Every structure is written in C-alpha cells, then in structure tokens.
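Take a look at this one chain, the form predicted on its own, written out in structure tokens.
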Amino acid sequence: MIHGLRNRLKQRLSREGTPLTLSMRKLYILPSRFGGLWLIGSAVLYIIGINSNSNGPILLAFLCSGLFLISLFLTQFNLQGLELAIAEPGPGFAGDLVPYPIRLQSHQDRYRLRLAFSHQPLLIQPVVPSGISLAHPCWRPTKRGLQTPGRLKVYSKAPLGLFVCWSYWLPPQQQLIYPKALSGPVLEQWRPLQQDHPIKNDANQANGTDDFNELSPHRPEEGLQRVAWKQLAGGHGWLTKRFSGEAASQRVLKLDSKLPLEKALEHLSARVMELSQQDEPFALELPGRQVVHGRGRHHRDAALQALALA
C-alpha cells in the first residue's frame, strides 16, 4: 500500500514535455539524513547551553542553524534554472545498458548533479559547466521496438549535503531497441539473385568462393577480409576480390516458424551481428518487411531495425 502511494505521488510530481526548465514550482526540497542529524545536533547544543548557562554552545547552535538555513537556498539554486532537453537517442539492444542522451543547458556552473531512471544505475555529473553539455544516464530495456526509458529523477545535495533538491521528468522521445542478440537456430536459404525459388546450400556458396571473378573498388564498409593485398602492394590502390558464387546466389535469413516469435527474433539478431562482423552479405525476410541483399554497417542497422519493429 505504501509503495503504491509513493508511486502515485511520483507520477503526480512528474513533468512531461521537452525542453524542461527547472523552475521553483518544479523543484522539491527536503532535509537529507545528514541534514536531519545536523538539525538534531543543533538542538542538542542549544539545550546544553541553556542548562549549563554557557554562551559557547548557544552560539555554536545558532551558527549551525544559520548554515542549515543558508544550505536550503544554496541547494535549490544549484538546480533552479537548469534546462533539460533530449538529444537524439541512438539504438541499443534489449537487456543491455543503453545510454539515453540528455542535453543540459545552464547559465552557471552546477555541482554534483545526479540523474537516474527508475530502478536504473545512477549517473553523477561532478560539474555541469555553463553553457550546453551532454549527460548519458543509462537504462536497461526489457522489450524490443520503440521504447521510452520512463521517469527520470534529477537531484542534487550540493553544496553542503544538508538538503536534497529534486525534480521528476518523463522524457517523451522514444528510443529504438533491437531484440536481444541470443545465439540459436536460424532458418537460412540460398537463392539465385534472379530467381525466386530456393537452391541447395553448399560449402562453396556459403563462403561465396566458387571461382575468382573480378576486382572492384574497395568500400570502407566491406572490411579487410577480401582486400586484394597483392594489387595493393603493387601500387594499384585498394581493391576488393569478387567471386562468381557470390554474384550468383544470396543468403536469405528468415524466421524459424518452429520457435516463439521473440525467441526467433533474438536468434536472427545474433546471426545478423555475426554475419556483419564477418563482412558476409545477406538478405532478410520477415512478415511484411524485407531487407534486400547487401552488407556493411548501414545494411546491418536496417536489418536490426526491421527485427526491432517486426
């Protein structure tokens, strides 16, 4: 019951939209645990001074109380006026820690800023300089697709640690999350580039190395595995070896209908990453989506995006 009340209170205090400027109405402040002990200590010093008829403990109690009140304003000023916006979030994999970039704009230096999504790792920014800077709090998504990280808590105890000042924010920008890359069985077919029916998968076609066919200009995304090193050493520039088997057929990845959808997508995600690291070309067929035969980083990203949105 208490946990549910706390969640409802946090939802009521959360702000939506972007950018978000932390004004007085959007900030909340309470004494920290250390601040509570400080206040109790000040009261004990005052009582001791009164009972012993001594001015020293009383003056020290007034000094501690004054610092306590000053810390209230200093802690709030450390956050007040800070503007939060969303930078362009990059994609990530389900189950991994994924950074969610936050753009911080400030007209003054701020100290010990802490950012954390609900039940996620804490990010501490020791100094937020004047101007525009980036913070990358992380979260661990559990599902694929377009996801939002949830409620972000922004808070600080600087400069004295006697108070904690905070605000809640719900960033609306969705982030593309790929399926978890989990190795497992994948349905693969080999097809002629100009035909629709599958052909038998053999070792030569799997490696794309039937017979040497031609040399073509090297592209950066093709990696170094097929670079024509002999021609490069002879001063002919960067060239890539092409093979007849590679030109005649294509590898097509498909969902394994014998597996649950999410499990099959996870296996395909791992296979796409494996083929991309090996610089092997492939095509991808999904219900309602298709990625044409190709290779390289952009091709890999297109395939993973198709898996995420399948």
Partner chain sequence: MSNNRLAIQLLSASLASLWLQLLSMQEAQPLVLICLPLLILSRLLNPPLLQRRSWIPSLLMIGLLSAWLAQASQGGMSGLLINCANLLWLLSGLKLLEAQRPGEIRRTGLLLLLAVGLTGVFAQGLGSSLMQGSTALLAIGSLLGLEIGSSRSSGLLRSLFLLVGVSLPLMLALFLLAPRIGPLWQLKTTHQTGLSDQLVPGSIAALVQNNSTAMRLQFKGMAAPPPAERYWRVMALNEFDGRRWSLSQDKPNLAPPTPPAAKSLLPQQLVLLEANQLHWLPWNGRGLPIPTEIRRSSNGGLWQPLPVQTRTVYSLVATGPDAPELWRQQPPNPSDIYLPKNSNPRLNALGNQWRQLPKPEQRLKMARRWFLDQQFRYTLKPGVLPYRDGLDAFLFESQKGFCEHFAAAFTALMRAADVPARVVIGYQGGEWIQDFGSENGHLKVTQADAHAWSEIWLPERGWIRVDPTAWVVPSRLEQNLFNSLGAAGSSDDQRLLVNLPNWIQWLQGHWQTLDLNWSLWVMQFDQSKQEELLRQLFGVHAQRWQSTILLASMAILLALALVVLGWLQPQNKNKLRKELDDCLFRLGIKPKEGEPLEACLTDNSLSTELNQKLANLINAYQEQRFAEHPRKPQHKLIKEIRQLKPLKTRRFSRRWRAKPKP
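Here, rigid core means the biggest group of C-alpha atoms that superpose within 1.5 Å across both forms. Positions refer to the first chain, counted from 1. Predicted model only: the values in this text are computed from it and were never measured.
Keep in mind the form predicted together with its partner chain is missing from the figure; the text below concerns it.
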**Request:** Sort through 173, 189, 105, 80 and report the residue having a heavy atom within 4.5 Å of its partner chain in the predicted complex.
**Result:** 105
**Asked** Given that its partner chain is left out here, which of 261, 27, 273, 48 has a heavy atom within 4.5 Å of it in the predicted complex?
**Response** 48
**Item:** Which of 251-259, 278-286, 265-273, 61-69 lines the interface with its partner chain in the predicted complex (heavy atom within 4.5 Å)
**Value:** 61-69
**Item:** Non-hydrogen atom contact residue 73 with its partner chain in the predicted complex at 4.5 angstroms
**Value:** yes
**Prompt:** According to a 4.5 angstroms non-hydrogen atom cut-off, is residue 111 in contact with its partner chain in the predicted complex?
**Reply:** yes
**Asked** Could you tell me if residue 160 has a non-hydrogen atom within 4.5 Å of its partner chain in the predicted complex?
**Response** yes
**Message:** So, residue 41 and its partner chain: in the predicted complex, are they within 4.5 Å at any heavy atom pair?
**Reply:** yes
**Item:** Whether 37, 52 and 127 all lie within 4.5 angstroms of its partner chain in the predicted complex by heavy atom
**Value:** yes
**Request:** Inspect the rigid-core superposition and answer whether the C-alpha of residue 31 shifts by 2 angstroms or more between the shown form and the other one.
**Result:** no
**Request:** Examine residue 45 after superposing the rigid core and state whether its CA is displaced by 2 Å or more between the shown form and the other one.
**Result:** yes
